[in-house]
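Before any questions on how it binds or moves, here is one chain, the form predicted on its own, in structure tokens.
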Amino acid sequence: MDPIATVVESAPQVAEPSSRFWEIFPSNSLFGQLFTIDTAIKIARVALALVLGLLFVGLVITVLKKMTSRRMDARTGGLVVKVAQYLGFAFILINTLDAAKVNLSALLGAAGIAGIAIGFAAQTSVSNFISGFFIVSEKTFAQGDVIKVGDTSGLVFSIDAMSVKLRTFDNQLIRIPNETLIKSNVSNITRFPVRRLNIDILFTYDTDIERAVDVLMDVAANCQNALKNPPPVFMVKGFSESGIGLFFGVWFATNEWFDGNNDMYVAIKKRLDAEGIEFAYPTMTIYPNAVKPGTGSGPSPRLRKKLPS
């Protein structure tokens, strides 16, 4: 027998480096099979990719918020930031899956099929999201404006990716989808600094229109909040069944329009009453049936009944 071979065989065998998680767990245990060095490295890569991605996206969003606040209005900047957030989260997800050695080609294929199905199921949401870009590009209103959509009026509380939220004057929150705003007529009440109060008045036919207009002009001149420039306007609208229609418009600063509305109506009513100028209201003449011949009764008098408007 070779003495060298005998020595080699009798020497203690050096344990080969194990790929197990530093032999903390026995190789035949569940933890020993799961927690290997490769698994630990993969977990560390995923955690590092997730943390770095969150830090990077957070930094980009912070810089983007500062840039949009200087160069864009609040609604445009908010929508741009939201889109950047969605893209950033998608970037983090893809980067994390890549660090976890996930086959992205198969995943993207499945995501494409799922995206088509979700697209059909979420047509309204997609339409609202796209409509939000049109709303931002048109710049019809901004946060803080008072708008009217159909029969709903209120202060623009927020402009989001899917909807616009209004705070009504009785302190209710109303959500209006962006698609509805695109398809509806939207009135921005506070867009311009000056707004006109439109007053329709119906006078009786025996009224001196020129004198009535002079009285209205004098009321507007004595109104504290009414603007002298632009001056008040009036127009004879026409002859109706009950009287002569007159349009009278007085300009106010937009932020004083509410108080001016109340002041003008009260002042006009008091002044016209003092001047003896009457408002017209609908009237109706009633003719009774004709009396049968031979009854000996004469024709009944014509009755005239006034009905309040």
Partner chain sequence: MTIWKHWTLPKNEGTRLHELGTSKICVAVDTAGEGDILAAMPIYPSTAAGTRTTGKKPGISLPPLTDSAWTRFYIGTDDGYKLSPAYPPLPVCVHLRESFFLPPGTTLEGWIFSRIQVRITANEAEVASFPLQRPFKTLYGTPDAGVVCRYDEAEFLASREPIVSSFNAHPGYVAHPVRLRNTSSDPVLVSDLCIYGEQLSIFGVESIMQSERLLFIFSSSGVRMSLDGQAPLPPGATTIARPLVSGEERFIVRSFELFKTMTRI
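Everything quoted here is computed from the prediction, not taken from an experiment. Positions refer to the first chain, counted from 1.
Not pictured, yet referred to below: the form predicted together with its partner chain.
A.B. asks: Does its partner chain come within 4.5 Å of a heavy atom in each of Asn222, Asn229 and Glu256 in the predicted bound form?
C.D. replies: Verified in the predicted bound form; spot residues all in contact, yes.
A.B. asks: Ok, Met72, Val194, Ile209, Leu155: which has a heavy atom sitting within 4.5 Å of its partner chain in the predicted bound form?
C.D. replies: After the contact test, the surviving option is Val194.
A.B. asks: At 4.5 Å between heavy atoms, only one of the stretches 127 to 135, 199 to 207, 234 to 242, 186 to 194 reaches its partner chain in the predicted bound form; which one is it?
C.D. replies: Careful reading of the contacts points to 186 to 194.
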